[in-house]
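Shown below, as structure tokens, is a lone chain in the form predicted on its own; questions about how it binds or moves come after it.
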């Protein structure tokens, strides 16, 4: 475990309100919103875990966890939250060395979680129909130092999937049911499918299409999360419960009987 920041490190700065800022020590001096003007190379030699002053603010400096990277993503499109990303990683059995296809890169939040899981020998391939989304997501991914595990394509996943024998395919698009045939053809036997859909009507269409093909373990989840606030005076549920975000539908490819 590193004790001090070294050249080429990517670090996270955490302020007193627990807002997080990912900083690459190789970056140029720049103004970082929420931090101020910073020469990233000035962080080299600082001790991890200690608090330091930048401008008139105090920040803890740490090696970034996957959660730090997800929480610091600059949003443009709606992101898949860490609670749903974790569910996807487990239910699609994402592991190091795998090749995973993502349809709909958004702001790159899920891409970061997937790339962290498949590193150092795996690859994430992300399709999106919007070049501006790809460019924005890549900016977020580069800040985390995971860009070598991600390749992007300006493609419509409902029209074609070039790759074959994929370990998993995850869709965050409005019409996942239109990609199911392509998904089945691109997955390896035993490979996993997941779709993230805000509306139950989208889930119904997706499941109906899955049942036309050779998939098993078809199931849909909704994750509701509530923090418990523990203080010296007692414990109570947080008033800011994380309610509905989207439905996660999973399936697994088998051979036609």
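Note that the coordinates shown come from a computational prediction; the quantities given were computed from them, not determined experimentally. Positions refer to the first chain, counted from 1.
The following text describes the form predicted in complex with a small molecule, which does not appear among the structures shown.
With the partner omitted here, the residue from 123, 142, 155, 87 that has a non-hydrogen atom within 4.5 angstroms of the small molecule in the model of the complex is 155. Site annotation in the model of the complex: the residue of 146, 94, 80, 187 reaching within 4.5 Å of the small molecule with a heavy atom is 80. At the 4.5 Å threshold, heavy atoms of residue 177 stay clear of the small molecule in the model of the complex, well away from it.
Contact annotation: residue 138 falls outside 4.5 Å of the small molecule in the model of the complex, judged by heavy atom distances. Interface residue remark: residue 173 is counted as part of the site for the small molecule in the model of the complex, having a heavy atom within 4.5 Å. Residue contact with the small molecule in the model of the complex: residue 119 places no heavy atom within 4.5 Å of it.
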